[in-house]
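Next up is one chain by itself, shown in structure tokens, the form predicted alone.
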């Protein structure tokens, strides 16, 4: 006997097999300009990220979460970790899973901040952190149960400036995320980030420069909490014009007009007879022909 489910029941059954994975990359580099001026801002950002992460878990039982800390020399996962946490209990009636997210995240983040006692470096390894997140997502995609659907997205929360020295790394992770159907969202806390804005446009993600840091949690709930299929039905901030300037391979500076190698497509701001990437030798441009001067008739 064949039983046909109603349309709503079929939608519920299909949605129950879908899992939404959110990987949050939190820039914890103390060399960020806003943290050098106001170190207590990091506490506010961490608390907002934790509440946002718990809200994501609260939306659906199948939802999964991972949080990374990005530093000046390394990036690592601070939630979940491999240790067992059977001693975590309710605090003031809070759900145990939410308590675990808060305690584990803060404990591992404190280890990251105290382990790096070197000089202050303003550049954060955001491209490397995104690459690690993509590897983590690829592993979960391979180990998921048959028939299950895993919707993955990455949220980058940073106050650092865009480093053109990581241009090639950024482009590699952006197009890898596009191939894996992973959406990259960026929440800029201090200044506009041109390269990360390109990544959001390439992967159909959202880019937001937070107008007021005090309302960080409200902006994250409004813009980044809804999943990509739902965002089309919401009124979100209008997209900004994307600056698609490329960085030259010689000086790592954004340029409007440059020279492109016809073999490896490397970009240079000045003409070079030899490509420094693939070592191809080009012909020198011919000098303009000099016309002989006409002699005056006597």
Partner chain sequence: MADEDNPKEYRWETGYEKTWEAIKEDDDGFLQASVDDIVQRAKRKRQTLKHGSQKLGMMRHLYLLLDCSESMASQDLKPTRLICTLKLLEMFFDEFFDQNPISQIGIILMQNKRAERVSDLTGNCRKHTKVLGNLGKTNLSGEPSLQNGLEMALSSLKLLPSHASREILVIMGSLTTCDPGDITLTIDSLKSEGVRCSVIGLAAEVRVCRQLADQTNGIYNVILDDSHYKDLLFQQVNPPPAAVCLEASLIKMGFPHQPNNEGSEEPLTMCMCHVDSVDEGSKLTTGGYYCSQCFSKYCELPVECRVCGLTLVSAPHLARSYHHLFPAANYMEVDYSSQTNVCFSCQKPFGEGDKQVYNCPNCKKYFCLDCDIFVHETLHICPGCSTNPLTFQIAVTH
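Quick caveat: nothing in here was measured; it's all calculated off a predicted structure. Between two forms, the rigid core is the largest collection of C-alphas that superpose within 1.5 Å. Residue numbers count along the first chain shown, from 1.
Omitted from view is the form predicted together with the partner chain, to which the following refers.
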Exercise for the section: Choose from 154 to 162, 207 to 215, 68 to 76, 106 to 114 the stretch whose residues reach within 4.5 Å of the partner chain in the predicted bound form, heavy atoms counted. Expected result: 68 to 76
Handout entry: Contact flag, residue 272 vs the partner chain in the predicted bound form, heavy atom cut 4.5 Å
Key = yes
Problem - Partner contact for residue 40 in the predicted bound form: the partner chain, 4.5 angstroms, heavy atom - result: no
Problem - Close approach of residue 125 to the partner chain in the predicted bound form, 4.5 Å, heavy atom - result: yes
Practice task
Look up in the predicted bound form whether residue 181 has a non-hydrogen atom within 4.5 angstroms of the partner chain, and give yes or no.
Solution key: no
Fill in the blank from the handout: The listed residue (173, 187, 196, 101) that reaches within 4.5 Å of the partner chain in the predicted bound form by any heavy atom is 173
Practice task
Classify residue 230 as shifted (yes) or not shifted (no) between this form and the one not shown, where shifted means its C-alpha moves by 2 Å or more with the rigid core superposed.
Solution key: no
Problem - Per-residue C-alpha change between this form and the one not shown, residue 66, threshold 2 Å, rigid core fit - result: no
